[in-house]
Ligand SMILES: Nc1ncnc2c1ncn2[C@@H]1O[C@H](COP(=O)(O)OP(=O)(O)OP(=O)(O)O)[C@@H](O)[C@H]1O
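To begin, one chain is listed below as structure tokens, in the form predicted alone.
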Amino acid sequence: MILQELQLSHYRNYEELSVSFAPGINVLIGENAQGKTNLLEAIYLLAFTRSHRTAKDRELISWHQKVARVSGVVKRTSGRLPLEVQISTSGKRVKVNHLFQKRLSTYVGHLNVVLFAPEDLALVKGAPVNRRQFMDMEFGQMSSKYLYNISRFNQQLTQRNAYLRQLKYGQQSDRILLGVITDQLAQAAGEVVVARYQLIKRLEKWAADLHHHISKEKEELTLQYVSQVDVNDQMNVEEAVAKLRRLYSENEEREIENGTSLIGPQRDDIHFIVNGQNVQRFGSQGQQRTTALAVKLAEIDLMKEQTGEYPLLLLDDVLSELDDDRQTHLLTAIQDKVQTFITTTSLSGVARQLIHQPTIFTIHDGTLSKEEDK
């Protein structure tokens, strides 16, 4: 999968931009606050219809403008595919092959990206909500079924939590309706937990090999999916749904007392185990960074396995956060494999030595210029 062309209109500090990218490694060089990360954010938005930096769409629109557009042409094995995201104060509109899509969920998955930014180094040691977001964003790209089920689950969870609050404060008393809502939630939740378990097991396969290599064969990595359902290799969706229904029934009074759902995928987590110990709690910073790097690189191979296409890789100022050894493993793993976009203030040291024939762009105040080959 290759992003061949990108056009921006009134997006952040880019008034108008049209650029063609190379299929290999594209390096975006510039000082801070010139627009490097804005450009990577635009590519991310073209994939997900949302920013990874802000939940406020108004921040994406240039000052004194009402509409911003991000469009591009993606080359897939099936051919060239134009994509477009329009952002306005009244909402978003998206196009696939010049046709408006009624739902954003039918848009996601046409362009797949893996983003690796400094904050992703906190994937291992950060809060569980970060790892749940990681699962939903990445697995949603790989599987339209997963995206549908997690969207359905989140909608039904919101509905059930609202009804539990009403029961808590005596605004409702109908337990039969709660049972109906709970049955629907359990069905979506069962689909989600089984899919998460299966995809994490596949991710572990790729991440374990990478971690073993990066640690110079000194460490073994395993991933543990932590769920109240206690999913295993033999459990199917029907069994997961049945177990969830029992858990909801057993905890109904406690959930009404709290006014919120205490059972379900919204409580899930991933544990990263290195040489038998939970690296989140007991690992060194170096082990945590190696684990995060291995997991991010493993996403690339898992996405290829699940979709038949390699994703784009976005490296947002992450090289400066990695030592020379980890930089070497990262750049060696991606060379001649995936289209990559790297933002940096300068290309030097290990990166300059390892990147073969990079296409270099200089960014200054929202203006992009390509460095000509010498």
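One-based numbering along the sequence shown. Note that the coordinates shown come from a computational prediction; the quantities given were computed from them, not determined experimentally.
Heads up, the form predicted in complex with the named molecule isn't pictured, but that's what we're talking about next.
The named molecule in the model of the complex is not approached by Glu309, whose heavy atoms all lie more than 4.5 angstroms from it. Residue contact with the named molecule in the model of the complex: Ala33 places a heavy atom within 4.5 Å of it. For Glu59, a non-hydrogen atom is located within 4.5 Å of the named molecule in the model of the complex, even though that partner is not displayed. Though the partner is left out of this view, Thr37 does reach within 4.5 Å of the named molecule in the model of the complex, counting heavy atoms only.
Using a 4.5 Å cut-off to the named molecule in the model of the complex, not one of Lys66, Arg93 and Phe100 places a heavy atom inside that distance. Only one of 320-328, 301-309, 334-342, 37-45 places residue heavy atoms within 4.5 angstroms of the named molecule in the model of the complex, namely 37-45. This chain appears without its partner; in the model of the complex, the one residue of Gln353, Asn13, Thr362, Ser18 with a heavy atom within 4.5 Å of the named molecule is Asn13.
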